[in-house]
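Only one chain comes next, encoded as structure tokens, the form predicted on its own.
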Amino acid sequence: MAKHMHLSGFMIHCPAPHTMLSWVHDEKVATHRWHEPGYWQSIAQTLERGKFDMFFFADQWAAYDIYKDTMDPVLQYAVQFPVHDPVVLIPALSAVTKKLGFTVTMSTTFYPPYMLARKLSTLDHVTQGRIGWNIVTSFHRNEMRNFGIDELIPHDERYARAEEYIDVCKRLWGSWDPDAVVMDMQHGLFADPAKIRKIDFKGKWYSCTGPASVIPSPQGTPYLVQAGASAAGRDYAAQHAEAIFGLQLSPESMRVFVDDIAQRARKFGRKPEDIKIMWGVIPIVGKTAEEAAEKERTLMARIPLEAGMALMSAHFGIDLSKYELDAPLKQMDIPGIQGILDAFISMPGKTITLRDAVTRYGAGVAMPHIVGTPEQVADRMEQLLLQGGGDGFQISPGYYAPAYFQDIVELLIPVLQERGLFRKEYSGATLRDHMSQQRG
């Protein structure tokens, strides 16, 4: 029997989050453009109506130019660029929702830890306990250059820095005891100094005096999410994350990933069941199987090969124009997202060419499509969790996002609820509450 699943809406604050040209739509049905708050508020309200756990924002800080050493296809097709700041957007979304959680991607490479800890604590207050942090170390050379870092920081060093970084943040979040603020009106006492302390942290890469400048927030610590797929990334997630965003292309590779995280979690003295694993997917739902198939055909037909090449080159950190399109994709040491390359290569019983991978990549950054009627899609989602393990799904829009998520909430969610696979109501108030909920 499948357990209750968790669901997240997965986007970037840009025209086309993960499927190229998903910004293309019939302008007659659009009430807001992607750069207007109302566009995102409408999506947040739809997700809350569907009882989603959270609205999850990936992020980046620069335009890609690795493919053929030019930004032209990125600019021409809006390949995850331009990108507006999701952190600034969250208060506008929390103002029109009451329960939906919000997870924002913030880089340990570009934010000083004191600044990040302060912003997230403030957001946790603003959202009344609904904020999460997707911890990334960043891998894109242009992001580094935008911050005056000339050389790409080596992969494992980025994680070593991130280890020290999260230590600083956790110390800051713990620098006030939960009951430090007394607000004694009779005696005019705001806080008990004995329950607030400096952290006086001095490490190899970071130093910080503290204490935090924000009082303890509703969750104390934001809900911690991580998406590392390399050995160093998996160790980091197994040690610190409360949820992991995973990308795998088959139940077999999902199960391998789940078992690996469980082994690593035990190594760090944690219970594997305390770490939720959320799989990236793009459900394409229609009232009939034919309607769903036509939606996917339309999606696939509009994806330019150059857009997929530009995106995949950037995420791998190498110029893929130098490789033969119809040759099998091979294992290679890449500076970017190693786990996605590994996911393609490890697909059982299939030889994936670079052309195959690029096409899939442009259609959703390696997130598998689940296509069919609501019942068929629900069957497959249930099957994936039974066979592959994990706890739920990061759902990314395959077409115009406001309409896409309306289809998910109106067609798919009722079927999941009827089967007891997904909540009918929120039972708590915070994001951590949502992610702890099992059934109901």
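So that there is no doubt, residue numbering starts at 1 and follows the sequence shown. The model shown is predicted, which means the values in this text are computed figures rather than measured ones.
Omitted here: the form predicted together with another copy of the chain. The next part is about that form.
Shown without its partner, this chain lists Pro251, Pro112, Pro335, Pro272 as candidates; in the model of the complex, only Pro112 has a non-hydrogen atom within 4.5 angstroms of another copy of the chain. When you look in the model of the complex, the only residue of Lys119, Arg234, Lys99, Lys295 with a non-hydrogen atom within 4.5 Å of another copy of the chain is Lys119.
Against another copy of the chain in the model of the complex, the set Gly364, Tyr399 and Pro414 makes no contact: no member has a heavy atom within 4.5 Å. Among heavy atoms of Gly280, none comes within 4.5 Å of another copy of the chain in the model of the complex. Among residues of the shown chain, Asp72 is one whose heavy atoms approach another copy of the chain to within 4.5 Å in the model of the complex. The closest non-hydrogen atom of Pro86 lies within 4.5 Å of another copy of the chain in the model of the complex. In the model of the complex, another copy of the chain sits beyond 4.5 Å of every heavy atom of Thr288.
Checking 156-164, 321-329, 354-362, 89-97 against another copy of the chain in the model of the complex, the stretch whose residues place heavy atoms within 4.5 Å of it is 89-97. Shown without its partner, the chain has Arg145, Asn146, Phe147, Gly148 in segment 144-159 as residues with a non-hydrogen atom within 4.5 angstroms of another copy of the chain in the model of the complex.
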